[in-house]
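Taking the form predicted on its own, here's one chain by itself in structure tokens.
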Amino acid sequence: MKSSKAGLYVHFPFCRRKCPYCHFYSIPVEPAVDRSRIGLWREGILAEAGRVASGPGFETGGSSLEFETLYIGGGTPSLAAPDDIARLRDDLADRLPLWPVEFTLEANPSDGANDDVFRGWIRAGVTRLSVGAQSFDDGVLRILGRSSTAARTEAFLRRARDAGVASLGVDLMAGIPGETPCSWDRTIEAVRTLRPDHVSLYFLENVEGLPFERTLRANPVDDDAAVDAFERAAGAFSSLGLRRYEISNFARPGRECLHNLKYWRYEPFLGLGPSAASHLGAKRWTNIADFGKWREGAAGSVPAAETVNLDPDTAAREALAAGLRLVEGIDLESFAGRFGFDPADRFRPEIAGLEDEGLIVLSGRVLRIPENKLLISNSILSRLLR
């Protein structure tokens, strides 16, 4: 049986404190005190991995799964000791066909790290750090309620580089109250001097019901100004050798995030942990965002917050929507081989209309959204796939 390359995501649901704008599932803990709770999480991850590997549906499309990327996100997985990360990786490899060519660990610079910690992550197999900077302006960081400072983040990234971390990614945010051209100058200058291999730039969003909603209501952001700031930053990153390859992601050649590319290329992935999402074969599901209920069901049946059984047409439309997030667009020959139809034929009138308006490009056998229109891709997709 042939193998299908897949991605493995592990959700670490613990943080020292919950950021007021964060909508991801996390639980505040103090690692020195809550070691037992982290241990229970590890046991649950391994139990869930073993259950999935031995259960039905582990094969997809007539292929057995092999996991070539591992991504530990959160939460703040850098709170776990490097030895714990190493043991988790080895124990997962005992339960799943896991041979990662890319191993990403999300890290919070406010927690700091000494050289031994960085070297410990490298020994654990980590090839890539994704560092939550958000901004390199202290005023903006204070508005966000971040405990880190620009100087601490810069020092963290320099130590990581000196320790030999193979690839460094930085997460930034646009559309924050208090951002100014000067604050963006500081952030762009930090990217220039620190030379990360990857930058993710996202808009502040989904704060409804969170503490930061009050801040945003009291200090509304001008959407046009936020878009202008985003595009200015995108242009600056390009001039620094960080090629835009997805709506919000920029990388030096060869340093694109292979794990996230699996999402956009509609390839299989498995998510372990509370709130983690999975897509294997014709099924997509999201684990319940409740640590206790997730752990109770880890070895049996984890309660799902959402389960979707995908019919062929729905899967094809989702693959089109995901693939058109990429600057490279979609190879129509490959798409037709996977899904049994050519989008250039199926959506001919819609494509023609969008082409006339400069909102989509059909070049040979590649369909893509022009880079300068990627920020309005949702409206373009709603017209293409209606």
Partner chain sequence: MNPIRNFSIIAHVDHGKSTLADRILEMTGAVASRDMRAQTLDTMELERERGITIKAQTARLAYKSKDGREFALNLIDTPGHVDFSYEVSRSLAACEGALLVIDASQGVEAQTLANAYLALHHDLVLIPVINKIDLVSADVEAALDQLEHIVGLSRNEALLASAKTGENVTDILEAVIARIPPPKGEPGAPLKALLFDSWYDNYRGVVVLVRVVDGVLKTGEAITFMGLQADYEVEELGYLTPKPVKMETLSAGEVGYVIAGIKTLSHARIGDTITHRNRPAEIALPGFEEAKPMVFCGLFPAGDTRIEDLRDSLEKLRLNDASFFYEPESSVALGQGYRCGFLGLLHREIVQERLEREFGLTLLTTAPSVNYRVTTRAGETLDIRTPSQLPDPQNIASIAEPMIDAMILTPDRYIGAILALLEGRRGEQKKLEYISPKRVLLQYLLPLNEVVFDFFNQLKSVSQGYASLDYELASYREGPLVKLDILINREQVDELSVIVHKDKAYAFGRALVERMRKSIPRQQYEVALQAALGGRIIARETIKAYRKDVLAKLYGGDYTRKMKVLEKQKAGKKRMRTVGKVDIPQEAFLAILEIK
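Worth saying up front: this structure is predicted, and the values here are computed from it rather than measured. Residue numbers count along the first chain shown, from 1.
FYI, the form predicted in complex with the partner chain isn't displayed, but the following is about it.
Does the partner chain come within 4.5 Å of any heavy atom of V366 in the predicted complex?
It does not: once the partner chain is placed as it appears in the predicted complex, V366 has no heavy atom within 4.5 Å of it.
Hey, in the predicted complex, is R255 touching the partner chain, heavy atoms inside 4.5 Å?
Contact check for R255: no, nothing within 4.5 Å of the partner chain in the predicted complex.
For R284, is any heavy atom within 4.5 Å of the partner chain in the predicted complex, or not?
R284 belongs to the contact set for the partner chain.
Should F269 be classed as touching the partner chain in the predicted complex when contacts are defined as heavy atoms within 4.5 Å?
Yes, F269 lies within 4.5 Å of the partner chain in the predicted complex.
At 4.5 Å by heavy atoms, is each residue in R37, L46 and D116 next to the partner chain in the predicted complex?
Result no, not one residue of the spot touches the partner chain.
With the partner chain left out here, work out from 155 to 163, 203 to 211, 86 to 94, 184 to 192 which stretch has heavy atoms within 4.5 Å of it in the predicted complex.
The contacting stretch here is 203 to 211.
Answer with one of T76, S167, N260, S148: the residue that has a non-hydrogen atom within 4.5 Å of the partner chain in the predicted complex.
None of the others qualify; the residue that does is N260.
Quick one: from D290, E296, D228, D138, grab the residue that has a heavy atom within 4.5 Å of the partner chain in the predicted complex.
Going through each option in turn, the one that passes is D228.
For the stretch 355 to 377, I need every residue with any heavy atom inside 4.5 Å of the partner chain in the predicted complex, listed N to C.
Residues within 4.5 Å: E357, L359, L374, L375, I376, S377.
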